[in-house]
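Quick setup: one chain, the form predicted alone, written in structure tokens, and binding and motion questions come after.
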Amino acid sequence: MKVAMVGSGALGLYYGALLQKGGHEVHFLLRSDYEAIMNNGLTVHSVNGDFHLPAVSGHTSPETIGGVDLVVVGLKTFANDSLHTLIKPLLAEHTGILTLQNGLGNEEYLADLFGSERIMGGVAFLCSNRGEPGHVHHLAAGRIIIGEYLKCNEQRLEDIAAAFTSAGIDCKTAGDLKKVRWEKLVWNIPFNGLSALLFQSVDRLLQVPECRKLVRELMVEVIMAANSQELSHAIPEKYADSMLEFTDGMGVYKPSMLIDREEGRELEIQAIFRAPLEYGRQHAVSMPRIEMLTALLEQVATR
């Protein structure tokens, strides 16, 4: 399978490296890491075992890649206005597009650009960070759940999941992509939000009883909004407790939004916070804690 990784941050580098190691033809669109990776290859430091790819197909322009079987989108959502330019040269008649971006609205945006039949979405439960140029650190987890935006090519979805699995990626398919997206938000909203706001890793958030209580309350607000969205099955409130237990096992971990704030980058407020609030508002679901967290993040993001 010929794959183009559009967005070669920690997520794109890690999954792309595994796919290449697994025998697939992977092309990385690169920016800041381009020189380092072209000169020295790509190194993955992983809890599952380190490995090094001495030769990587890196590009600074999609035109040098050409048509592919699969485009994997890992860009931060605030860069979505560049997706038309980055993806169009990669499309052949059969090309599928899989977005692993956070938040809501990404599949809809891509469907408007390239047609609903091409679009798949997924969530990655991955703890990874970029290190020095040409290095990515995989700290924990790595599971991916993928689904179709419209149910039109189930075999393609199964083939992609099988290809990912054969490359050592824990990948499952889901019939209700919307539900999967909201389940990821149950984690993303409290931990990305509070970590970025307070400059605290997730373990330090959970060490304070009052903060742990707030995390769960934020999770419950997300679950209430999710269950108003005509999901195939309701998300039970106890899902919040399973996410707390999952996070307890992470140890010292900085979510991506905290790293973005530390490095002075834009924050993904629209897709992760404002879009879910709007979906909740449309169904008369009150989300006061998330409203407050969003307002505070917007305030610090303007500095």
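It should be emphasised that the depicted structure is a prediction, and the values quoted were computed from it without experimental measurement. When you see a residue number, it is the position in the sequence shown, counting from 1.
One more form of this protein, predicted together with a further copy of the same chain, exists but is not displayed; see below.
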Candidate from Asn129, Thr95, Gln200, Asn227 lying within 4.5 Å of a further copy of the same chain in the predicted complex - any heavy atom: Gln200
The unique member of Asp170, Asp176, Asp112, Glu217 whose heavy atoms fall within 4.5 Å of a further copy of the same chain in the predicted complex: Glu217
Partner contact for Glu291 in the predicted complex: a further copy of the same chain, 4.5 angstroms, heavy atom: yes
In the predicted complex, Ala295 touching a further copy of the same chain (heavy atom, 4.5 Å): yes
4.5 angstroms heavy atom contact with a further copy of the same chain in the predicted complex for Lys213: yes
Heavy atom of Val208 within 4.5 Å of a further copy of the same chain in the predicted complex: yes
Segment that reaches a further copy of the same chain in the predicted complex - one of 190 to 198, 84 to 92, 99 to 107, 146 to 154, heavy atoms within 4.5 Å: 190 to 198
Stretch 241 to 279 - residues with a heavy atom within 4.5 Å of a further copy of the same chain in the predicted complex: Arg274
